[in-house]
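Shown here is one chain on its own, the form predicted on its own, set out as C-alpha cells.
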C-alpha cells in the first residue's frame, strides 16, 4: 500500500492541478483539527491545499458535503466508498457530474473507536474509486474475507429468541441523537420523518420500541442505496452495531436483485425499478 505521507503529497498535487486546470471553486477534503485528528474541510484556493491531509482517521464521508455546493464547481477526494456514494447521489439527481472533479485514490482503510481498522474497511470489496477524474496510482486494502457477512450468516443461523436478544440489546443502546443520520450522504431529506410533529411518528423519549422503529425505518430508506461506508457506525456515540443492519440489508438486496449500490453511473436504486424476473414472494410465491 502507499505510505500515508506519499499519498497526502500526491493528493495535494492533484488538488492544485484541479484548481489550475479545471477551475474548481473549492475542494472538499480533510485537514488536522486542533486536537490533532483529521476532520472534513473546505479549501478555497491552491494555497490552502497545503493544509490538506489524509490518514486513517479520515473517516467522515465527504460526499455528505457535496450537495451543499451544487451551484459551484467542486473538487472532492474520493476512495472507493466515497466515490460509490457520489455515484448514488448522481444517479438520484442530487449532483451534477459536470460540476464535480473527483480526485480518486486507493483506500488504506480508516480506524474505528477501538483503534482498529473499522469493520466497514475489513469487509470492503471496493477500495478503489468507481468514478474519478484524477487518480493516485497504487494499491489499497485487500480483503479475502468479509467479516460482516460472516456475522450476518452467524446470526441468521441462530434461534428466533437469540436473534431478538441481539437486536434488542443493540436497540437499547440508542439515544436517538441522530448522529447516524447526520453523517450519512443518503439522508438528504429536507425534513426527516422523526422531526414531524403532526403526525408524531415517534415518542421523543428513547426506548427500545421507538429506537427500533427509528433504526429499521432508516435502514429501509437506505435499502438499495447504502454503500456501507461505515460513517454512521463511526459517528454513533453509543457504539450501536449499525454495520450488522447494513450488512444484512445489503446481503438481501444482492441476493434478491443482484444489485450493489454505487457501482455504475446511470443505475437506479434496486427498489426504484421493476424487472419481470424480480422475486414476487411478497405475494406468497418465492422466485420468479
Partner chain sequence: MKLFTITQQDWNRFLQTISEFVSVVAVEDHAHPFKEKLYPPHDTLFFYRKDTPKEKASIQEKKTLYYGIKPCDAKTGKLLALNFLSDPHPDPYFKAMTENTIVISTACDHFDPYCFCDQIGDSPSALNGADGILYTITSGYHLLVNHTWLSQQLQQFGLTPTEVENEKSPFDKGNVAYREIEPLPIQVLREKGLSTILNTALWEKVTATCLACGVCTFLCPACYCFDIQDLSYGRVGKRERTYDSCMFTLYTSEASGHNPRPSIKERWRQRLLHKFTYYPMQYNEIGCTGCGRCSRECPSKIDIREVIRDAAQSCE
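Positions refer to the first chain, counted from 1. A quick note: this is a predicted structure, and the numbers were derived from the prediction, not measured.
Just so you know, the form predicted together with its partner chain exists too; it's not on screen, but the next bit is about it.
This chain appears without its partner; in the model of the complex, the one residue of 205, 98, 142, 157 with a heavy atom within 4.5 Å of its partner chain is 205. Just one of 194, 117, 152, 171 comes within 4.5 Å of its partner chain in the model of the complex, counting any heavy atom, and that one is 194. Contact with its partner chain in the model of the complex, judged as any non-hydrogen atom within 4.5 angstroms, is confined among 100-108, 67-75, 213-221, 128-136 to 67-75. No residue of the trio 123, 163 and 252 has any heavy atom within 4.5 Å of its partner chain in the model of the complex. Of the heavy atoms in residue 257, none are within 4.5 Å of its partner chain in the model of the complex. At the 4.5 Å threshold, heavy atoms of residue 42 reach its partner chain in the model of the complex.
Contact check for residue 182: a heavy atom falls within 4.5 Å of its partner chain in the model of the complex. Proximity of residue 240 to its partner chain in the model of the complex: non-hydrogen atoms within 4.5 Å are absent; the residue sits far from the partner.
The partner is not shown here, but in the model of the complex the stretch 167-181 reaches within 4.5 angstroms of its partner chain through a heavy atom at 175, 176, 177, 178, 179.
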